[in-house]
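In the form predicted on its own, a lone chain appears below as structure tokens.
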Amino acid sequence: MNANQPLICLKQISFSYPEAPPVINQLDLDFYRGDRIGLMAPNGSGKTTLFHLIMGLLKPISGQMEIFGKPVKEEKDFFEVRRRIGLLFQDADDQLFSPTVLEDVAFGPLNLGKSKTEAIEISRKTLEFLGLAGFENRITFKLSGGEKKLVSLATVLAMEPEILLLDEPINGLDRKTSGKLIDVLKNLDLSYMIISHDIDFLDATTHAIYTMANGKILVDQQMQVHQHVHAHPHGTYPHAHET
């Protein structure tokens, strides 16, 4: 695909849940290689729904989607999308299902056709990169919330995606673990979008922070982060100052 072509191109995308008004309403989005975008908006504004539409977990009721330069509409069109885009779910328990950490992290590489030896090697290197060396035989459901979140990220990174979609990645993390995740993201050579309510986290990890309202991304209302470490999308996103 052309280097100047967006990796993800959504045009006039709309989606609504049964017997509900549209949560995504004629939304447009162009996402390019190298982009690192934060989405910060109230609950129910469509952020998670947007990620699920990109991954083909939900289907739009109207509009056009092109991902990696190809139209995507049918289930078969999303096989490549899910191989090349990694989605971190908001709830780690939705992502982890194997008895041990190593089995969970190795599942993706094995599913992509790697040999068992290759999958284990990739998994060990990914866990080490995330500071989780020695976790291989830990029982997944016995992990702390923060550990589960990092292992969930390991399952995504082990698939060597080109794009990350991270849904509330620091929910439930303590300050130390959040700081570790910031360092990890800064050292990744990947494009990504992050949903978060934490302005400090987004300021540290993204190049631009946008909000959503009326089912659209307000790309003309970039948040301006300033010295006393908070941001205003020109009054459209309610917030409070900590003292």
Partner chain sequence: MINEPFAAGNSLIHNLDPRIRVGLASVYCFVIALAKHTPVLLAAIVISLSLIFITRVNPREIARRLVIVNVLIFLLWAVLPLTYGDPALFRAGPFSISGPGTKLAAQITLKCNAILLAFIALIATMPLVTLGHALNRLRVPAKIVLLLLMTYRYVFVIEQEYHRLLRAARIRGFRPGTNLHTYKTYAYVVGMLFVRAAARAERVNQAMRCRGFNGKFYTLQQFETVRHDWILATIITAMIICLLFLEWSHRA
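The shown structure was predicted, so the numbers you read here are calculated from the model rather than taken from an experiment. Residue numbers count along the first chain shown, from 1.
This next part talks about the form predicted together with its partner chain, which is not shown.
> Would you confirm whether the three residues 132, 168 and 190 all fall within 4.5 Å of its partner chain in the model of the complex, going by non-hydrogen atoms?
The answer is no: none of the three residues contacts the partner (heavy atom, 4.5 Å cut-off).
> Which residue among 128, 77, 93, 162 has a heavy atom within 4.5 angstroms of its partner chain in the model of the complex?
Exactly one listed residue reaches within 4.5 Å, namely 93.
> Which pick from 55, 41, 182, 29 sits with a heavy atom within 4.5 Å of its partner chain in the model of the complex?
Among 55, 41, 182, 29, a heavy atom within 4.5 Å of its partner chain in the model of the complex occurs only for 55.
> Check residue 73 for me: does it contact its partner chain in the model of the complex (non-hydrogen atoms, 4.5 angstroms)?
Residue 73 lies outside the contact set for its partner chain.
> Contact with its partner chain in the model of the complex for residue 173, defined as at least one heavy atom pair within 4.5 Å: yes or no?
Residue-level check for residue 173: no, no contact with its partner chain.
> With a cut-off of 4.5 Å between heavy atoms, is residue 116 one of the residues that contacts its partner chain in the model of the complex?
Judged by the heavy-atom cut-off of 4.5 Å, residue 116 is in contact with its partner chain in the model of the complex.
> For residue 145, is any heavy atom within 4.5 Å of its partner chain in the model of the complex, or not?
So residue 145 does not count as contacting its partner chain.
> Using a 4.5 Å cut-off on heavy atoms, which residues of 138 to 156 contact its partner chain in the model of the complex?
Heavy-atom contacts within 4.5 Å come from 140, 141, 155.
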